[in-house]
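For reference, the chain that follows is the form predicted alone, supplied as structure tokens.
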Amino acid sequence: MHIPDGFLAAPVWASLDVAAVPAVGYLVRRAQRGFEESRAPLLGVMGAFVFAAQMINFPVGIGTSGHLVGGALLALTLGPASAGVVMTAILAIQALVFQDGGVLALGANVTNMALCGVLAGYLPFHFWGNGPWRRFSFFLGGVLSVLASAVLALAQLLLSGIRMPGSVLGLSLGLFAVSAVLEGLITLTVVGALETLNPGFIRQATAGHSRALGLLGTVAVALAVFGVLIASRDPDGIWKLAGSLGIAGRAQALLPTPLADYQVGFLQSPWLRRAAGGLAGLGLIFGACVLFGRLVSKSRSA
């Protein structure tokens, strides 16, 4: 789902970079309203969990993999504004530290996943979250978050002059649809487990919900350390499409990064390289999100 540098035309990525800056700034101001410092650890744990889950690719068929995006999950637990900021932090760290997604294309990825994906993931709950369709809204939010992000990514590639035969475009949409359904099921399962542990967790979660936060933190560490052993090695939807269109060679890594491909290079064991890289990422995401929460809280108090 992460678009690398080299795929988008300069007018496309530049326009989205410019548009994303004020949009994220607006989300920061919205997140500041009513934010309490006690929620800062929640932002860190949720950010770390989504980061770890994004590392684990699962097969979706025909030599293609997908991974949890997490837009709906973040929106349900943090609210859409805080969720958009946390997803932006995840995408920025992935691009700048792990070479996952482009630096120049960061505005496109933020637009697709942190802005539109999070909003699409939250809307079903906004309309149906307090009625008999509550659980279905969790599932539908996960589905829509991925579909919205995928359609936008495909549109940006088309605007960049990349020609897609109808058969290839249809296949890509089908594979993204499979990923979207799996995202919905994962979102429903995780949210259901959180509400079982701590009733009222959704939209009212605080640091006091220690059991739910402890579970999420433990699962995040387990995914980072052991999930890499079972993760699919098949390319995800964007890279599968790039291979089909013959544009994979356009991908560029503009900045040298210390943990490229989520690996600590000086370690000998491939598993240890990946596990150490994942744990480093968890620490960076947790720290960045907690820092944001505390800064927002202090700014509000002032």
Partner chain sequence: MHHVVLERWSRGRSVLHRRDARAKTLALLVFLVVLATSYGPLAALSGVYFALLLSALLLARLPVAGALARSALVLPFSVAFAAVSLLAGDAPRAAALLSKSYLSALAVLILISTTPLPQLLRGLEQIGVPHFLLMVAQFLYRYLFVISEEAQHMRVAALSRGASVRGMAARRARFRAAAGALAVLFARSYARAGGIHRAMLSRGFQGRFHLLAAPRFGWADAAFLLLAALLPAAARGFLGGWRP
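Between two forms, the rigid core is defined as the largest C-alpha subset superposing within 1.5 Å. Positions refer to the first chain, counted from 1. No experiment lies behind these values; they were computed from the predicted model shown.
The form predicted in complex with its partner chain exists for this protein as well; it is not shown, and the discussion that follows is about that form.
Novice: Just to be sure I understand the contacts: of Leu147, Met164, Val225, Leu123, which is the one whose heavy atoms reach within 4.5 angstroms of its partner chain in the model of the complex?
Specialist: By the 4.5 Å heavy-atom cutoff, the listed residue in contact is Met164.
Novice: Just to confirm, with a 4.5 Å cut-off on non-hydrogen atoms, which of Leu185, Ala155, Ala177, Ile230 contacts its partner chain in the model of the complex?
Specialist: Contact check passes for Leu185.
Novice: Mind checking whether each of Val12, Met113 and Phe138 has a heavy atom within 4.5 Å of its partner chain in the model of the complex?
Specialist: Heavy-atom distance to its partner chain in the model of the complex: none of the three under 4.5 Å.
Novice: Quick one: does Ala23 come within 4.5 Å of its partner chain in the model of the complex, counting heavy atoms only?
Specialist: No, Ala23 is distant from the partner.
Novice: Hey, in the model of the complex, is Ile90 touching its partner chain, heavy atoms inside 4.5 Å?
Specialist: Yes.
Novice: Does the 4.5 Å heavy atom contact test between Val168 and its partner chain in the model of the complex come out positive?
Specialist: Looking in the model of the complex, residue contacts with its partner chain include Val168, since a heavy atom lies within 4.5 Å.
Novice: Any of the heavy atoms of Leu173 lying within 4.5 Å of its partner chain in the model of the complex?
Specialist: Answer no; every heavy atom of Leu173 is more than 4.5 Å from its partner chain in the model of the complex.
Novice: To test your reading of this chain, name the stretch in 126-134, 82-90, 139-147, 213-221 whose heavy atoms come within 4.5 Å of its partner chain in the model of the complex.
Specialist: Stretch with heavy atoms near the partner: 82-90.
Novice: Heavy atom within 4.5 Å of its partner chain in the model of the complex: which residues of 21-54 meet that condition, in order?
Specialist: Stretch hits, in order: Val24, Val28, Ala31, Gln32, Glu36, Glu37, Ser38, Arg39, Ala40, Pro41, Leu42, Leu43, Gly44, Val45, Met46, Gly47, Ala48, Phe49, Phe51, Ala52, Ala53.
Novice: Given a superposition on the rigid core, I'd like a yes or no on whether Leu42 shifts its C-alpha by 2 Å or more between this form and the one not shown.
Specialist: Leu42: C-alpha displaced by 2 Å or more between this form and the one not shown.
Novice: On a core-based superposition, does Met55 travel 2 Å or more at its Cα between this form and the one not shown?
Specialist: The answer is yes; the displacement is at least 2 Å.
Novice: Against the shown form, C-alpha atoms of Met55 and Asp17 in the model of the complex: closer or farther, for a change of 3 Å or more?
Specialist: Distance between the C-alphas of Met55 and Asp17: longer in the model of the complex, by 3 Å or more.
Novice: Relative to what we see here, could you say if Arg39 and Tyr26 have their Cα atoms closer or farther apart in the model of the complex, with a change of 3 Å or more?
Specialist: Closer, not farther.
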